[in-house]
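First comes one chain, alone, set out as structure tokens in the form predicted alone.
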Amino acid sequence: MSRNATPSSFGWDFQINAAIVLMLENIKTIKSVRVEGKKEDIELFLESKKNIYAQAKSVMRIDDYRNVRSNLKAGLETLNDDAACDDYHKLIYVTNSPNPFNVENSMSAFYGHSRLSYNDLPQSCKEIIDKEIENKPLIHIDKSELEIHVIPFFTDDFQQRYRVIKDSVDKFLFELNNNTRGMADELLEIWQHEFFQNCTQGDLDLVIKKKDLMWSIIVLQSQLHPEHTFLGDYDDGAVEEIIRSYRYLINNRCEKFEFISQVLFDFQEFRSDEKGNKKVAEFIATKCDDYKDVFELNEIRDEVQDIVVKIILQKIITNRFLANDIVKKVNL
């Protein structure tokens, strides 16, 4: 027996990245995600209290069809178990094989990144599913809620392996806000790390909340650089400490979008004779102390607390259009 763990690691990699794609495809309706959950490889929890269950199976070589039929059979059996509970909205079998049924004349239906409902499958593929359901029998599967997804995911060249995943993130960001273009690589890396951590957590009740995933976009858009206007009067040592403290606070602030909403509401209600940046500066100078209580400033040096909170308020107001777009377009 081979002790090489590469196939298992590849399988985990595919499962994590397939979860990101499925999450983005259902971003408006989901509330949270679990990778390697209580029931399935990928579990999407919807606002409607229903769930999408996805069984992920991968092969390492694009032309290796030896096990795709047995993978499909095992996947359908697990999805049947999921369907026994009346809490599902959709059942998905997701694989990277371009020939998931090992039927060569059906391969054109699965070209590229494909998503097919049972009804849209080639007749030869429907018959294979029908036979598996009848033989077992898999009595709980409602074929009208069953989908077969294929996500191209091959090679040791990571640019090529993650190409479809990155394209999905790029498309999502393009539709979200003009200012988020160009951050797909960084955002994908953050999400891959979060999804990997989630699938290794033994407490299966731990999920990734949609609003925490979306917060990563705000963090990336709000990165603080030494050239920031507020840092011009500080020496290099102080600037480094301010940037470190800023990152700590913006990454650990709880109830993140709720805090943004409160700041933007206060800014909208703030009465001033000034306009534009002068109004922003007056608001920050006037209100800074009011917000200090909501941060865990005990981890921050006293001499930099004031400037860090001011920068956070300035970043929130500067990125208010992005924050509003996120809230509206992903249904937060």
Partner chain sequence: MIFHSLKITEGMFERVIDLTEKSNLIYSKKNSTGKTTLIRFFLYSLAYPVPSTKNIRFEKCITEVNLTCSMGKITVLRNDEYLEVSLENGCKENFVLPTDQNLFHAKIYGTQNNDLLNNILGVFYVDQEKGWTLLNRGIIIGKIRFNIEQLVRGLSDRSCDDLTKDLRSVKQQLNKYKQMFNISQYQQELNEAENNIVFDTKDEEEQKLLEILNSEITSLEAELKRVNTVIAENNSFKNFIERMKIAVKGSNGESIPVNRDTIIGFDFSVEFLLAKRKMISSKISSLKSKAEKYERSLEGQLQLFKTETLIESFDRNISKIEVDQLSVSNMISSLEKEKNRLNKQITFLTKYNNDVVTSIHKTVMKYAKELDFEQFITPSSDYIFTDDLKSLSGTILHKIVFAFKLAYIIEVQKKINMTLPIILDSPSGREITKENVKAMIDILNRDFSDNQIIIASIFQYDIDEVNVIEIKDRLINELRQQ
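Whichever C-alpha set is largest while still superposing within 1.5 Å between the two forms counts as the rigid core. Values in this document were obtained by computation on a predicted structure and should not be read as measured data. Positions refer to the first chain, counted from 1.
Heads up, the form predicted in complex with the partner chain isn't pictured, but that's what we're talking about next.
Colleague: Just one of 163 to 171, 193 to 201, 121 to 129, 83 to 91 has residues with a heavy atom within 4.5 Å of the partner chain in the predicted bound form, so point it out.
Modeller: Contact-bearing stretch, as computed: 193 to 201.
Colleague: Tell me, which of Asp185, Asp212, Glu134, Glu240 has a heavy atom within 4.5 angstroms of the partner chain in the predicted bound form?
Modeller: Going through each option in turn, the one that passes is Asp212.
Colleague: Go through Ser108, Ser117, Asn178, Asn251 and name the one with a heavy atom inside 4.5 Å of the partner chain in the predicted bound form.
Modeller: Partner contact (heavy atom, 4.5 Å) among the options: Asn251.
Colleague: Contact with the partner chain in the predicted bound form for Asn319, defined as at least one heavy atom pair within 4.5 Å: yes or no?
Modeller: Flag for Asn319 set to yes.
Colleague: Residue-level contact is defined here as any heavy atom of the residue lying within 4.5 Å of the partner chain in the predicted bound form; does His149 satisfy this criterion?
Modeller: No.
Colleague: In the predicted bound form, does Phe154 come within 4.5 Å of the partner chain, counting heavy atoms only?
Modeller: Contact check for Phe154: no, nothing within 4.5 Å of the partner chain in the predicted bound form.
Colleague: Can you tell me if Ser216 lies within 4.5 angstroms of the partner chain in the predicted bound form, counting non-hydrogen atoms only?
Modeller: Ser216: contacts the partner chain in the predicted bound form.
Colleague: For the stretch 265 to 292, I need every residue with any heavy atom inside 4.5 Å of the partner chain in the predicted bound form, listed N to C.
Modeller: Sequence-ordered list is empty.
Colleague: Spell out whether the Cα of Ile317 moves at least 2 Å between this form and the one not shown when the two forms are superposed on their rigid core.
Modeller: Yes, the C-alpha moves 2 Å or more.
Colleague: Any chance the CA of Arg181 moves 2 angstroms or more between this form and the one not shown, core superposed?
Modeller: No, because once the rigid core is superposed, the C-alpha of Arg181 moves less than 2 Å between this form and the one not shown.
Colleague: Rigid core superposed, CA of Lys143 - does it shift 2 Å or more between this form and the one not shown?
Modeller: No, the C-alpha position differs by under 2 Å between this form and the one not shown.
Colleague: Since the Cα-Cα distance for Leu206 and Ser261 shifts by 3 angstroms or more in the predicted bound form, is it a contraction (closer) or an expansion (farther)?
Modeller: Compared with this form, Leu206 and Ser261 lie farther apart in the predicted bound form.
Colleague: Have a look at Leu173 and Thr318: in the predicted bound form, are their Cα atoms closer together or farther apart than in this form, given the change is 3 Å or more?
Modeller: Between the C-alphas of Thr318 and Leu173, the gap narrows in the predicted bound form (3 Å or more compared with this form).
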